[in-house]
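Have a look below at one chain only, the form predicted on its own, in structure tokens format.
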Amino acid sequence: MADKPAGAARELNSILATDCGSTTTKAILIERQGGEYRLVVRGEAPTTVEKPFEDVTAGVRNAVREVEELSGRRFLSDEGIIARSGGTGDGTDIYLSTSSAGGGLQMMVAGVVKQMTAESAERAALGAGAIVMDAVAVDDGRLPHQKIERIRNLRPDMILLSGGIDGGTITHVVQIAELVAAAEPRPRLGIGFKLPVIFAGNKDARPHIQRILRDKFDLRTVENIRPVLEVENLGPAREEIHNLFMEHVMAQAPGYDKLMKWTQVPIMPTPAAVGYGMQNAAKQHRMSVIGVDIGGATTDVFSVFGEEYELFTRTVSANLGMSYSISNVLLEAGTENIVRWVPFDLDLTDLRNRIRNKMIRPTTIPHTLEELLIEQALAREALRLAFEHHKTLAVGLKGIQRREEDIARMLSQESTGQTYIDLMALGMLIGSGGVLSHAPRRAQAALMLLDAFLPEGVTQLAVDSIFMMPQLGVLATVHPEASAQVFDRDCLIRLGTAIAPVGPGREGEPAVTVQAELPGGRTVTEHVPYGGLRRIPLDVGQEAQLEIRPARHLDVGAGRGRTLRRKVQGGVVGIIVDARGRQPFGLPADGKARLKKLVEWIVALDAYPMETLERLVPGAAEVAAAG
């Protein structure tokens, strides 16, 4: 994480933070109340980075004015944000901000070997909060003139150049540098400024890189991303990306020169801040975390794993979204994969037309249950595809030297593409984005997360209530405890805990028995067959002691057939026992059987109003009665 700014160690009683998004600027006020930090009020306003305003601080002022009105306090002056002078009164102890306005941070990366140094460079850029526009490598299959044309046309905010281990050959990384020099790409913002290029490759190649690039670009040199084959060192490159983001991207974006003077902490790219927030949550709660933010144009997936929660990966599926990119979801997933989640007969031509209409009118929202079910079916596929993409990059080493006996294993993972994502070890799955956070019933969000990610064993499910993860992420660089407290108490809506046995089975045969000791001394026992889904009510803030007894060929985290005892937390939905299978997932191929199964699962979680569902799906009430 970033170093703490001067004075950050002092006691913070009032924290004002904004996130300048591409369309909306959101402001939150956090205060210390009775020994803990809580969200007090929030405000939002349209972002004003484009014409006719072209000054991001106008949108910030409008959002903060809403906070002023709701809190009855003053935070704005003609000069900017008021710094608090005492323990009470107007102003705030610290003001923080993140930004993805103007398209966020857009980068191109380059390396020698596509599956090694170029992939490491991509992980470094993604972890720093960038959208990676392209990854150029010596072995990427394109001819030199094609690479030059591509680099020239991209107009990124900056380029990250890597390649070679320290002391190795320099020929190939020099070739990549010559391609960049020949292309002479211009920056997206700030006409007349030199495009920033970060070199994070073989240290022996630095003199040659200087000679080739220093006259045409703002060249920065940092430690090698892959100093030896067994080590991936992403920290220095990510830190320099943040520095250049402030110096070049933010300095040239409309109004950010003023906003930078208001903040006591450097402005951070929104996705990078979300990543910091996820890492902080994992460390504070001592559990591995996967988070997803599904938007209109992109879907970001974050994961934090490892013994010390040091394995952090972020990916951006820039072609998977719920409005602007919804046709790409259809293209990549295919109509069959989308229709399989819809619990009624749907004409494929009708489906394609609905998707085209959504792309043409991206701000529309579902008005009927039929439209809602189709949108949530699309969301499942967008989430599934984004997670598959994420697993291809969550591989290999992550910035620290490992024991020698681990090196061969990790190199083997790298060569085979095996991911380090271990769903059985996953502690919490967090969903964010309109389709998840604003689902009419929380059980719908739980079903979408279960269907798309297929968590295994025992996993907590949650959604981000109002998407304040960016502000909490930048706050984590200053005050991790305050960030974690607000994250836990005000940001997350806990859906409950999922119990998912893993292993092959036949439909209807015994899969798992869950005995729950509930608050008040009550005991509930659920015998769930293979292919079934059950819910045990357990409210938010409540805990239950579970005894989970899987069938002899199934595993819930203690080994095949072994009983697991675990204390779990409740949520809006409660405890969800998901015995539908994992590999393969238990969705029948037969059309009528599939529709019946989907309705069974919907009824099990009470995900949709039965009276409306019965009008759309005749026979749904009979399924509910049988269940």
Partner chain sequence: MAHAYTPGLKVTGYTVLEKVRRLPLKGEVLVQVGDEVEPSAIVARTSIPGDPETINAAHELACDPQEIPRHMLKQPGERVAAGEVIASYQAFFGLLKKRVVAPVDGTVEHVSEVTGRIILRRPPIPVEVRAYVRGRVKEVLPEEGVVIEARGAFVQGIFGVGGERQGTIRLLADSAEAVLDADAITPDCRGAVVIGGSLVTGAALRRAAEVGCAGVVAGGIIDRDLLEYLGYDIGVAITGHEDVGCTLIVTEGFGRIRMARRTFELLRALDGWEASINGATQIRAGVMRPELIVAGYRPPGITDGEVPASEGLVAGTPIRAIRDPYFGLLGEVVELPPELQPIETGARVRVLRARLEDGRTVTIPRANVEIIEG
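These numbers come from a predicted model, not from an experiment. Positions refer to the first chain, counted from 1.
One more form of this protein should be noted, the form predicted together with the partner chain, which is absent from this view; the next part is about it.
By the criterion of a heavy atom within 4.5 Å, Pro510 is excluded from the residues contacting the partner chain in the predicted complex. At a distance threshold of 4.5 angstroms between non-hydrogen atoms, Gln542 is out of contact with the partner chain in the predicted complex. At a distance threshold of 4.5 angstroms between non-hydrogen atoms, Ile360 is in contact with the partner chain in the predicted complex. Mapping the unseen interface onto this chain, Ser325 counts among the residues with a heavy atom inside 4.5 Å of the partner chain in the predicted complex. This chain lacks the partner; the member of Val458, Met116, Val304, Val174 within 4.5 angstroms of the partner chain in the predicted complex by a non-hydrogen atom is Val174. Scanning Arg73, Lys391, Arg186, His242 against the partner chain in the predicted complex with a 4.5 Å heavy atom cut-off leaves one residue, Arg186. If you check the partner chain in the predicted complex, you find a heavy atom from every one of Glu178, Arg354 and Pro440 within 4.5 Å.
From the list 476-484, 73-81, 372-380, 120-128, the contact stretch for the partner chain in the predicted complex under a 4.5 Å heavy atom rule is 372-380.
Although the partner chain is not shown here, in the predicted complex the stretch 577-614 places heavy atoms of Pro609, Thr612 within 4.5 Å of it, in sequence order.
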